[in-house]
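Okay, so here's just one chain, in structure tokens, the form predicted alone.
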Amino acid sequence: MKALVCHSYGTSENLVLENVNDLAPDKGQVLVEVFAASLNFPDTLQIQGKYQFQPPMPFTPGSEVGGIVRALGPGVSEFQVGDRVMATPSIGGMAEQVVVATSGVRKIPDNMDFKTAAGFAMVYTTSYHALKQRANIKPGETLLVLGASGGVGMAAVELGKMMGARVIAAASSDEKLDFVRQADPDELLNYGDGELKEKVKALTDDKGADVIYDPVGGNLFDQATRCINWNGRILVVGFTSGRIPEYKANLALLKGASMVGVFLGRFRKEEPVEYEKNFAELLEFYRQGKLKPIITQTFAMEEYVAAFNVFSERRVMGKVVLQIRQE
């Protein structure tokens, strides 16, 4: 089978598309024939050796796929060969085959294609956990989403609206805001000029946002701490800016505000029942047509460098996927 392999840390140009041995599932695993694999920001960190989880060399990146179950390992009874699934391996997704523990595999709704399946799990479970469990967001509260044009940002805008919040979608350019408009936010905010704080104050009668969803970090986080409402919650989702900021304790005191971490992997480990409940609810929302994921860029497997460059050049809007094979 073909697989994208990382033999040494560096940019996507260091990756190699090569033939490797076919896989076979072990006990409690299934073999998935991959039709589409999603790219996420952590993939770009992992191939550079900068992620919190680094597999041994060589490895195939990719933590989300959509495809068909082709073989079952010993003891597997909850799936059948031929099932259409989404799967979340920790690595190995950017290949024609991947083996995944059954806990990381879910049957997909009949109205979901494989590209959507590949880009669904991480962004929606992250943003739903952030808003539901970590922010405990209430209808009528104001939600400010930074980096709103990215995968998790778009999911946060969409979910925030569904959960009854007033949503301010913020991004660094008018082009990105035009894209975010598809998710029907209440307000659009361009922070490309560095004036996030003043613009948020203007949109909230000088009160600030009740919940700030921040996957960017860096200077935006610094400004976010100054435009949070009383009893507000700043959700720390990631650091796509490249700089991990520091929270000044006096601002938390003066604002009566909280900085709340959002780490999906730890949530899944510590609260598996709630994680599964969230996932089941999200899939039902999709079946009902309440969620409409947008796959904006699809690349052939051979175009992996261009696909990764969308992230390194900060051009991400929505979800980016590799088309491993045609449906």
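Just count from 1 along the sequence shown to find any residue number. Model, not experiment: these values are computed from the prediction.
Here the subject shifts to the form predicted in complex with a small molecule, a form of this protein not shown in this document.
S.K.: At 4.5 Å between heavy atoms, only one of the stretches 37 to 45, 285 to 293, 65 to 73, 270 to 278 reaches the small molecule in the predicted complex; which one is it?
M.R.: Looking at the partner contacts, the answer comes out as 37 to 45.
S.K.: Using a 4.5 Å heavy atom cut-off, which residue among Thr225, Thr142, Thr126, Asn229 comes into contact with the small molecule in the predicted complex?
M.R.: Selected option: Thr126.
S.K.: Which of these residues, Thr116, Ser149, Thr88, Gln97, gets a heavy atom within 4.5 Å of the small molecule in the predicted complex?
M.R.: If I apply the 4.5 Å criterion carefully, the residue I get is Ser149.
S.K.: Should the three residues Ala171, Tyr191 and Val216 be counted as contacting the small molecule in the predicted complex, with contact defined as a heavy atom within 4.5 Å for each?
M.R.: Contact check passed for all of Ala171, Tyr191 and Val216.
S.K.: Tell me, yes or no, whether Val262 is in contact with the small molecule in the predicted complex, where a contact means a heavy atom of each within 4.5 Å.
M.R.: Yes, contact at 4.5 Å.
S.K.: So in the predicted complex, does Val316 come within 4.5 Å of the small molecule, heavy atom to heavy atom?
M.R.: Yes, Val316 sits close enough to the small molecule in the predicted complex that at least one of its heavy atoms falls within 4.5 Å.
S.K.: Check whether Gly104 has any heavy atom within 4.5 Å of a heavy atom of the small molecule in the predicted complex, and answer yes or no.
M.R.: No, Gly104 stays farther than 4.5 Å from the small molecule in the predicted complex.
S.K.: Heavy atoms within 4.5 Å of the small molecule in the predicted complex: does Thr204 have any?
M.R.: Outside the cut-off, so no.
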